[in-house]
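What follows is one chain in structure tokens, specifically the form predicted alone.
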């Protein structure tokens, strides 16, 4: 891996480089995405099935687009029982973590007749996109589905690309069954996002779409925002390891590579105050590459967006961490909990040498759907709050309103909204 001295100039250059991975840099794909979405909106199932045949090489009909109970059972029978046990344990951890996020509606009253509050209601219908094609991600099923269920969503509609045999990956089906999802459609890509956003004869329109996908899925989600709610526009995966001289270089190298193997746009960065560690990590990376199955992909990722940043001190290192705002942040220092208090921007923070990033991907419980491309500065991980709505509750008695009527009218007059002022005034006009 390349080693770069951390300075204000190099930090700026790296941030500029990382932004090239944003979906906003792929405008050339938008014409294709917009055409697909328009066809889905105008032609419904006809367009959906045509695009599925074109891109996934599977011929579907209204009768075959949905996974049947028999297909579900057949797929689940193909899954190793040991993996099913792991899946259930992971689901239990994810459910336990997200149940702690649940909020309650509340009401407060005052003696003058004022009642204020907040009513929380779950979304009625959510669409879950599960990637297919190059790999299967049953973990994404659990991470998107379970917080929706904990929030109280009654109907989850899942879409996922079929294989060339017209079937859905068995492990994905097993994860769906574990979560209790039975409404699964064999469609993917931008056309699946359009179907969830607009609705077709076979697939219902949903209130919100969650789940990761390729660049076409990401751009389609961005285009339909407003028709439906979204979790986020996910970018390529990224990891940042913040380490001092106490870190194990072999562990750090392994963790960096765990994200670099996702795709050639993935980012893997080590920020350290130790020149010795920097050199050792670089050597360990080379050794691991000799045996890892996705070597070619990892090498492209590291060439494009892999860095070892050498900082003069921990304060400068933490400043870089906050500027990059990585999706995954590992802190491997002498006192990681103390350093953590200085971190403002990160999707998920892993503390200590035995809290490696894949722990969060699969098993610990916190959600692995995280803000990418610096959006951890203003976005949060997917959670229960993403599947609820909040309604404000306001009730005033006549006496309570009378006490502030002149104040409200003054505010309305200042904004030259006389109808607003009149709406208050008419309630007391008999007293004038």
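Residue numbers count along the first chain shown, from 1. For clarity, every value in this text was computed on a predicted model and none was experimentally measured.
Not on display, but discussed next: the form predicted together with another copy of the chain.
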### Query
For the spot marked by 356, 404 and 411, is every residue within 4.5 Å of another copy of the chain in the predicted complex through some heavy atom?
yes
### Message
Only one of 317, 150, 233, 157 gets a heavy atom within 4.5 Å of another copy of the chain in the predicted complex. Which one?
### Response
233
### Query
Looking at 163, 275, 117, 204, which is the one with a non-hydrogen atom within 4.5 Å of another copy of the chain in the predicted complex?
117
#### Entry: Exercise: residue 424 in contact with another copy of the chain in the predicted complex, heavy atom 4.5 Å
yes
#### Entry: in the predicted complex, residue 259 touching another copy of the chain (heavy atom, 4.5 Å)
yes
### Query
Any chance residue 226 has a heavy atom within 4.5 Å of another copy of the chain in the predicted complex?
yes
### Task
State yes or no: in the predicted complex, is some non-hydrogen atom of residue 392 no more than 4.5 angstroms from a non-hydrogen atom of another copy of the chain?
yes
### Query
Exactly one stretch in 303-311, 180-188, 68-76, 343-351 has heavy atoms within 4.5 Å of another copy of the chain in the predicted complex; which is it?
343-351
### Query
Heavy atom within 4.5 Å of another copy of the chain in the predicted complex: which residues of 163-201 qualify?
171
